[in-house]
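Coming up is one lone chain in structure tokens, specifically the form predicted on its own.
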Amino acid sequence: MTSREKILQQIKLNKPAETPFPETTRFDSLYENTEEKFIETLTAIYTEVIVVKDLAELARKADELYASVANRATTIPALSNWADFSLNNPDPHALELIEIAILQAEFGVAENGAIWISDAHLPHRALPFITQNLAFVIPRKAIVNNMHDAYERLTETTGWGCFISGPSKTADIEQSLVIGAHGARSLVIFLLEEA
């Protein structure tokens, strides 16, 4: 028996007793109006929330806000005429040129303003982090109270996904707040009534 095999055998014999998982504690957030809390939270973290009736209004609002911006990208088919930057390029390094990306996301969380986005709507995982300005479109009815509710929605999710809340910000140096230090400089959330 080699020394490696001896060590592995000793490790197998020296297993600690199994410890049961602790009971799960759930904290419910019972907001009078989940959407109002969501908007309040996002406003506090420098994010604009815009309610749009349908995809046509979304297209008009996107044009109104970003018409003068070059390198516009989107994952929303209804905005394909608005976009002037193709996401079909397999090289993620090309994404550094994007000034605004409007992306489909799944849902939002009222307590912290987080938005869940997954690779179901992203051709490149780096996209929401490398664009200069970011906008998400979520169904207006897809706002949950808290992270407990959010994780319950994710029980069947497979693949990559993450929560994003507000534009990038840091106050590491001299406690001076810097927006856009490590990612998008601005964030807009479009709440779509007819999803």
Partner chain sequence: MSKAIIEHSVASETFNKDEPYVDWHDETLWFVRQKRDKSSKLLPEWEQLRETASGIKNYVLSHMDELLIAFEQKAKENGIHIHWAADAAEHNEIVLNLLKQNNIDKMVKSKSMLTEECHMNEFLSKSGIEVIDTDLGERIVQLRNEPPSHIVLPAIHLKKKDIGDLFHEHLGTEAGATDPQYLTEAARQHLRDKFLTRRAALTGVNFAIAETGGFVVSTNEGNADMGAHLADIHIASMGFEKIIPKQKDLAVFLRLLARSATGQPITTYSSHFKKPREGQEMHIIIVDNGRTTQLGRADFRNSLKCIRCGACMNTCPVYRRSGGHSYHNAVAGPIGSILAPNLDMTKNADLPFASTLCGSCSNVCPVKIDIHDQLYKWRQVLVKGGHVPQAKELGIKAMSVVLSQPRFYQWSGRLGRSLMRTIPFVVNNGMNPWFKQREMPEPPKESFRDWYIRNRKE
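Residue numbers count along the first chain shown, from 1. Predicted, not measured: the structure shown is a model, and the values here were computed from it. Whichever C-alpha set is largest while still superposing within 1.5 Å between the two forms counts as the rigid core.
There is another form of the same protein, the form predicted in complex with the partner chain; it is not shown, and what comes next is about it.
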Is the gap between residue 28 and the partner chain in the model of the complex 4.5 Å or less for some heavy atom pair? yes
4.5 Å heavy atom contact, residue 130 and the partner chain in the model of the complex: yes
Is residue 125 one of the residues lying within 4.5 Å of the partner chain in the model of the complex, judged by heavy atom distances? yes
Any non-hydrogen atom of residue 116 within 4.5 angstroms of the partner chain in the model of the complex: yes
What residues in 132-147 sit within 4.5 Å of the partner chain in the model of the complex, counting heavy atoms only? 132, 146, 147
Quick check: residue 11 between the shown form and the other one - does its CA shift reach 2 Å or more after fitting the rigid core? yes
